[in-house]
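Below you'll find only one chain, the form predicted on its own, shown as structure tokens.
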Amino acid sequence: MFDSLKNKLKKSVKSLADKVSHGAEERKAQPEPAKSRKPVLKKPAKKPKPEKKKAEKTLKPQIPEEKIPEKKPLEKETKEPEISGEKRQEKEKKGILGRIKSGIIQRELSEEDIDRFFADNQTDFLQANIALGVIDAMKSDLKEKLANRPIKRTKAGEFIAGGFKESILSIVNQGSIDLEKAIKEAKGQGHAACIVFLGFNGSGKTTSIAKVARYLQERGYRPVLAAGDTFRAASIEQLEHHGEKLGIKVIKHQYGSDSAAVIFDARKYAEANNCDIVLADTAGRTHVDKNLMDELEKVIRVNRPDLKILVIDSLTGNDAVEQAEKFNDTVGVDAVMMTKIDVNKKGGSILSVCHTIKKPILFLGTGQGYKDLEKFMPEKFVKEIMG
């Protein structure tokens, strides 16, 4: 799961860490500037000193002892101790060595280094289904976290990986949705909660609804299923099949019926039979089909659901960004479910969707079974892809 994204991020961390290490090696390999030497001047040969003539002894006049003036003691001058030339040279030498050592063991990544890195690796990120907007956001974030900060060679990989983790976490951590809290709040207002599931054709809405129904059953809630997809052939039968296996009531109309009316009737049934929540299916639709998008607007307007969950096939690739934008602009999205995660080797679509519409991911679909549903945890996701 997410193998491609993991490899891309691992490669990215290593690439920037190598830039730090290699940059330091280049500094270390640079020869020190040659010291300028003073020209050695030859001393002229010493001329033989003329022999001193022996001076004739002369008698010094003796001065009486009482007349010899007393010598006054010299006052000691208080001067600050001066650093000798050798000590000064030693101190300067240590300072130079310290700077050289710092340059060898530390290096700063410049903003140009990070720009160049993203320019060189942009294709790899796009192939991992990371949208261009996410790449730009990561680049800006990493500049703030990594650029112009001294990085120790021995800690370069750890430091850079930490920057990536923080950046990705800030993208995918868009808050959370508490389903049980939503149910209790709706009950407090005297009605059953209602969740409408929407999304593209083949995204896995119907199976996702069945998984969420099982999830709520295990926590003691009574759900009702609404067969609001009256457009796709066999969609009603598919939902009924899940309802029978789970022992959950399915409210349906004929194919071609008004989807908003089906969901409205399901809500009435839930309230009359003391059920807790309605999970409503809707027809899969492309975000460019105006008639179907208008129908979805009507479903939302008539039923005023407590939550609108967008179901996205994680294998869709970068088209997931456009889907998320269009559905969010049309009806407003409260949370997202990503399906087919178990066969997704890329994983970048999760980052792309979160960054695009700034909505939390509620669940990840990890298989075909009813229990193959995983609550999305941003910290766990980042740990998974960063290793």
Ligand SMILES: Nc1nc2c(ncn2[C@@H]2O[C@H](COP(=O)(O)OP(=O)(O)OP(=O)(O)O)[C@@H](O)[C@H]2O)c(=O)[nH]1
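Position 1 is the first residue in the sequence shown; the rest follow in order. Just so it is clear, the model here is predicted, and its values are computed rather than measured.
A second form of this protein, the form predicted in complex with the named molecule, is not displayed here; the remarks below concern that form.
Asker: Looking at heavy atoms inside 4.5 Å, which stretch does the named molecule contact in the predicted complex, given the options 259 to 267, 148 to 156, 230 to 238, 302 to 310?
Answerer: Selected stretch: 230 to 238.
Asker: Could you confirm whether G202 comes within 4.5 Å of the named molecule in the predicted complex, counting heavy atoms only?
Answerer: Contact check for G202: yes, within 4.5 Å of the named molecule in the predicted complex.
Asker: Is Q174 a contact residue for the named molecule in the predicted complex, using a 4.5 Å heavy atom cut-off?
Answerer: No, Q174 is distant from the partner.
Asker: Would P378 count as a contact of the named molecule in the predicted complex, using a 4.5 angstroms cut-off between non-hydrogen atoms?
Answerer: Close contact is absent here: in the predicted complex, P378 is far from the named molecule, nothing within 4.5 Å, heavy atoms only.
Asker: Would G163 count as a contact of the named molecule in the predicted complex, using a 4.5 angstroms cut-off between non-hydrogen atoms?
Answerer: Because no heavy atom of G163 falls inside 4.5 Å of the named molecule in the predicted complex, the answer is no.
Asker: Quick one: which residues from 360 to 376 get a non-hydrogen atom within 4.5 Å of the named molecule in the predicted complex?
Answerer: Read in sequence order, the residues that approach the named molecule (within 4.5 Å, in the predicted complex) are G365, T366, G367, Q368.
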